Ligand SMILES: NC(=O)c1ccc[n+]([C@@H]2O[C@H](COP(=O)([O-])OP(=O)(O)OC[C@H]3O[C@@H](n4cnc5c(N)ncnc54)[C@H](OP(=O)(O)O)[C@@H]3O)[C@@H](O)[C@H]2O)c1
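This document opens with one chain alone, in structure tokens, the form predicted on its own.
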Amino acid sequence: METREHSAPPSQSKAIHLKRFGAPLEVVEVGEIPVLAPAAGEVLLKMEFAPINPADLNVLEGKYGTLPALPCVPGVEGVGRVLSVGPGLGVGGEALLGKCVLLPNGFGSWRSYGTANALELVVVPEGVPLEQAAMLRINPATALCLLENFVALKPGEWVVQNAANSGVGRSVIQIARASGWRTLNVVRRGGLEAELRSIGADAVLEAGETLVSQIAEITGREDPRLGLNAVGGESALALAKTLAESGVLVTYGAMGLQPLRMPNGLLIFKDVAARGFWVSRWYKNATQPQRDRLFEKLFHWAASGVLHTPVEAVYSLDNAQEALAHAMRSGRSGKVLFKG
């Protein structure tokens, strides 16, 4: 079978290059790379939207759990459109032409064009906004796994989390509300209560010395069995103290740059368990039915508007440094995306 094209791409692709690790604004360069024809089993993709995630910034700094070989094109997620298919894909490949798909892990989404293995693609259903689809693979997927994979939550149960204003935190609020669970949401600054309640938060509290007693007053005897930690240090300890007997504290981030401290008493007398979660590991180990089920849920919620990530700005790849500077600002009200 010859390569079939939906539209002809240029011979060069705009791309953001990472040649060394360091301060994000100092290590990225914008240039061009050749556009290769898709090989057997591959498709050629045009990037539509790709977000700038905290994980992306950690990669640029050389501080992420796994780092790419250099030089590389960064970008851990996004959505693209299939322009052409390579040999060997048959009718299935023809059906992909023109479809929008989630960009696979390792694609390097901060580029205009690139090739990918067709078996790694996830087709985006009609009705899902492409900007939202571009942001589903990391934060919402993490939130859904955190809520479903550690504790078998019953309708009406409480979940407590810190970093509630983060991308994962907001997804936790929306997914929990859609699933019939209640959320206690801890933030580090004031002025966020109305916004988080508008997306489904049941309670919003500022971190502080009275946090544990405040949560106890709200929940009464219904102590949460699941705590979600993305901060560490004193914040994680406060969450652990609020948990019910045999509760589980799941750590998925370390924004506070402080280690997790678990007193012996919580382990001995309350049997509180400390677990960790990394969505990249989940994708590596999950079965295809598990991945299909996850995306079916996320696409449904994104199409219906139940799951929505605000977008603050969209930049072209040519404006990479401006986009990164924007993404690194504190107090943003939404994500920063690249447009292919």
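For clarity, every value in this text was computed on a predicted model and none was experimentally measured. The first residue of the sequence shown is number 1, and the count goes up from there.
If you look for the form predicted in complex with the ligand, you will not find it shown, but the lines that follow are about it.
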- Exactly one listed stretch (238-246, 266-274, 95-103, 182-190) reaches within 4.5 angstroms of the ligand in the model of the complex by non-hydrogen atoms, and it is 182-190
- Considering only heavy atoms, tell me if Gly108 and the ligand come within 4.5 Å of each other in the model of the complex. no
- Query: Given that the partner is absent here, does Ala176 sit within 4.5 Å of the ligand in the model of the complex, heavy atoms only?
  - Reply: no
- Query: So in the model of the complex, does Val279 come within 4.5 Å of the ligand, heavy atom to heavy atom?
  - Reply: yes
- Message: So in the model of the complex, is the ligand close enough to Ala203 to count as touching (4.5 Å, heavy atoms)?
- Response: no
- Message: Between Val85, Ala133, Val160, Ala230, only one gets a heavy atom within 4.5 angstroms of the ligand in the model of the complex; which residue is that?
- Response: Ala230
- Note on the structure: Heavy atom within 4.5 Å of the ligand in the model of the complex, from candidates Ile199, Ala254, Cys72, Ile218, belongs to Ala254
- Item | Sequence-ordered residues of 126-160 touching the ligand in the model of the complex, heavy atom within 4.5 Å | Ile138, Asn139, Thr142
